[in-house]
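Single chain ahead, written as structure tokens, the form predicted alone.
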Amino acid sequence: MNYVILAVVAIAVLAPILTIVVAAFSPASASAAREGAFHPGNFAVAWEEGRFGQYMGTSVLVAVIVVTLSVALSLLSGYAFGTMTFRGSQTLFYLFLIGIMVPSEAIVVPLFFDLRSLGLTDTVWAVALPQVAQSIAFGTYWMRAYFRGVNRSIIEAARLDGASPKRILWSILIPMGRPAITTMVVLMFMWTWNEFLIPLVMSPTGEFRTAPLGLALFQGQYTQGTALLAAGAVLVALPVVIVYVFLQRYFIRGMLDGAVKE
């Protein structure tokens, strides 16, 4: 019965995905239908007409900036909150949590005017830095939970051996926490890649449009047909799928470790 239930859920989850993939290979027009039912050339047409090369290049650049800065800073802040005691630590940690609780829609307008006054709008930093702040809020919470769950005897033994806090973090805790860190990387990459509102608002001229935004514009400007639109959707989703496939072992292990600790 367990396998029956899992099979039903799997079909329900995979059916929409398979529908999009099948539509991406279907004929884009009546004339194309006369040439056959299988059209892999839809991806090349969508890539060219939708300018997905430019948009995905911007998405990769933004994702690299956001994930790199967010992971590095989250490790440091999570290590401080998870292993150290200092005045105001609880209040400061709750301040970090505001970044998780407050949605982007509530702050994007004043944030746009702040960045415009600094001359950062229509730059990659205007698209990346707000997402760095949001990701650090989650990353601090995530890594704090991991560091608080580490056996304290390991840290104490390292201190007795003369290891500095920096050495404990980089040589002991980070190698031990590879699943948790990998899970955080995958989640941050996925959220950054799929972000729509911040690139739309922070780049009003469209110079730094990301792939999801480009897909929305492709639907409105280039085609109303489902085949090319489905091909564009597959192209936009493919990087996230590739990252997850390569890191799924660590991702699942990190999620399960977090569930056990909770």
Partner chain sequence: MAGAVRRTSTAGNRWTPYLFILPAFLVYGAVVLYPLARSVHLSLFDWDGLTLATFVGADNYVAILGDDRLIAAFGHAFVFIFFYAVLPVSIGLVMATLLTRSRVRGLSVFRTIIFLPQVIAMVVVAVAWRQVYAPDGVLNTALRTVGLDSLTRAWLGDYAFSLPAVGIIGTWVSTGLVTVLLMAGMARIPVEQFESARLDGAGPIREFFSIIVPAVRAETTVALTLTVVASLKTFDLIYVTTGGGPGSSTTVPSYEVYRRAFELGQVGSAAAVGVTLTVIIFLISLVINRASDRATS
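Computed from a prediction, not measured in an experiment: that's the story for all the values here. Positions refer to the first chain, counted from 1.
This protein has a second form, the form predicted together with the partner chain, left out of what is shown; the following refers to that one.
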| item | value |
| --- | --- |
| Non-hydrogen atom within 4.5 angstroms of the partner chain in the model of the complex for each of Pro130, Ala163 and Ala216 | yes |
| Contact label in the model of the complex: Leu197 to the partner chain, heavy atom within 4.5 Å | yes |
| The partner chain contact in the model of the complex: Arg148, any heavy atom under 4.5 Å | no |
| The partner chain contact at Arg87 in the model of the complex, heavy atom, 4.5 Å | yes |
| Interface membership of Val124, the partner chain in the model of the complex, 4.5 Å heavy atom rule | no |
| Residues of stretch 99-127 in contact with the partner chain in the model of the complex (4.5 Å, non-hydrogen atom) | Gly99, Ile100, Met101, Val102, Pro103, Glu105, Ala106, Ile107, Val108, Val109, Pro110, Leu111, Phe112, Phe113, Asp114, Arg116 |
